[in-house]
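First, one chain by itself: the form predicted on its own, in structure tokens.
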Amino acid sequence: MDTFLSILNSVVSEAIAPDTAAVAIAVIGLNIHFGFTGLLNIGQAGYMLLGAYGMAISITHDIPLALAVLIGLVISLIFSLILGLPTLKLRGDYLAIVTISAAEIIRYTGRLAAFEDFTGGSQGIFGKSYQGPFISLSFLGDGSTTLLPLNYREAGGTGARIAGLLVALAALAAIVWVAKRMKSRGSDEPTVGTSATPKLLLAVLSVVMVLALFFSFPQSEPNTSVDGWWVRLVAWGLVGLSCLIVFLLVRSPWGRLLRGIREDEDAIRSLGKNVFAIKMQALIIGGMFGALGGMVYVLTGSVQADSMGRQLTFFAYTALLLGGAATIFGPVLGAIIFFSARILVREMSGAYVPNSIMSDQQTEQFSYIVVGIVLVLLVIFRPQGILGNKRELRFHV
């Protein structure tokens, strides 16, 4: 039991890790591309790498942090223009081939020895050369903090921990039940006269579940370090801000145009709308979210080209499909579940499967296999994802 609870503690730690938040931001951008507009972009990792390089190189050349972040965003904007102007008339597989090729060009360019003075070549840019200005902004002080201060250690030991876990599971079951009732009644649609009670109940249950999880699995981290609470606070704050921005965008007339282009761009063009311009705007905005995610991704490590290759884009798509495309919180939920589930499979395999059957290196590979199988089953039996809607799957790519 202690081993299993220790594994669950690692899962919770991974769920709130800065890297998880960084990928969630990038998936939010990918959701604008693929979920809302229908652009099959397989190069989101390229945007992340551009944002990371833009910020890190700027800081190493004594440019202030705020301006360095702006430079990273502007670079992603320029890249969107260069990529989109000749290619946004392409559809489906053709656009996918172009975007993945562009991302690979960026990755291999970053590895070139000719640019080693800027990008560090294959070794990359070490974190200590650019993390200082960000860490110095922390107002949390020294020492470490436990989340939550009131946890099972002060409330009775293992028994209280298990009770807290049961409360979290009960809250999760209640969330699922309420969500199904809302869907069966159609109260999840933005109709006039819809009661806000079910949504308020969902919010309360979600808070109860989160508090119960942190009661059972309190997280202790340094306040101010390269992997402490300051980085987590900023990273998840940016996730919340990104969700708010997307919420406002997709509920505007511009957002309705995105859905129209996704479903039938010829119909939108017949209404006199400039489809190419709208696609370009979506590509730029989603790319900026990707670049911002890349900046957060390297705050706890280093900027290394191979760490943001094709694999990271596939992770982003997995998280998007898992949480639900064309939803506001689907990308965040998908990213959390994807990384948490992988850690759960890996740690349980390492703890309960003998080394004679599966080594530690093989458990890492096995975790990706299991997550891949789950994704295949999800696409077959629930293609809209956890929070998605089947009516949002009408793509014209």
Partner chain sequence: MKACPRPPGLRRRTTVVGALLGLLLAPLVLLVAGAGSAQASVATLCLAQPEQTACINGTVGNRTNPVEGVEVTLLGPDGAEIESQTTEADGKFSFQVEEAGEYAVLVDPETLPDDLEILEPAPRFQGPEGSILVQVRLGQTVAPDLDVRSVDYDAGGASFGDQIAQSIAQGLRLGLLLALASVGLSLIYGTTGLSNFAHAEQVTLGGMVAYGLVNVGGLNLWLGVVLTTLICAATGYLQDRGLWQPLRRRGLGLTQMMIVTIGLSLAAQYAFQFFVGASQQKVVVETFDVVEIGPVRLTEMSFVAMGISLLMIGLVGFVLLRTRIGQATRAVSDNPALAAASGIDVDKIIRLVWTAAAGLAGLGGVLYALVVSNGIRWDTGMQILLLLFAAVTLGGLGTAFGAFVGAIVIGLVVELAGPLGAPGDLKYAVALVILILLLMVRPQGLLGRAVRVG
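Residue numbers count along the first chain shown, from 1. All of these numbers come straight from a predicted model, not from anything done at the bench.
There is another form of the same protein, the form predicted together with its partner chain; it is not shown, and what comes next is about it.
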**Prompt:** Is residue 135 close enough to its partner chain in the predicted complex to count, meaning some heavy atom within 4.5 Å?
**Reply:** no
**Request:** Decide whether residue 375 counts as a contact residue for its partner chain in the predicted complex under a heavy atom distance cut-off of 4.5 Å.
**Result:** yes
**Prompt:** Using 4.5 Å between non-hydrogen atoms, is residue 175 touching its partner chain in the predicted complex?
**Reply:** no
**Request:** Spell out, yes or no, whether the shortest heavy atom distance between residue 321 and its partner chain in the predicted complex is within 4.5 Å.
**Result:** yes
**Stretch in contact, per heavy atom within 4.5 angstroms of its partner chain in the predicted complex, of 69-77, 165-173, 120-128, 205-213** = 120-128
**Item:** Selected contact from 234, 243, 98, 182, since only one has a non-hydrogen atom within 4.5 angstroms of its partner chain in the predicted complex
**Value:** 98
**Request:** Any residue of 354-380 with a heavy atom within 4.5 Å of its partner chain in the predicted complex counts; write them all down in order.
**Result:** 356, 357, 358, 360, 361, 362, 364, 365, 366, 368, 369, 371, 372, 373, 375, 376, 377, 379, 380
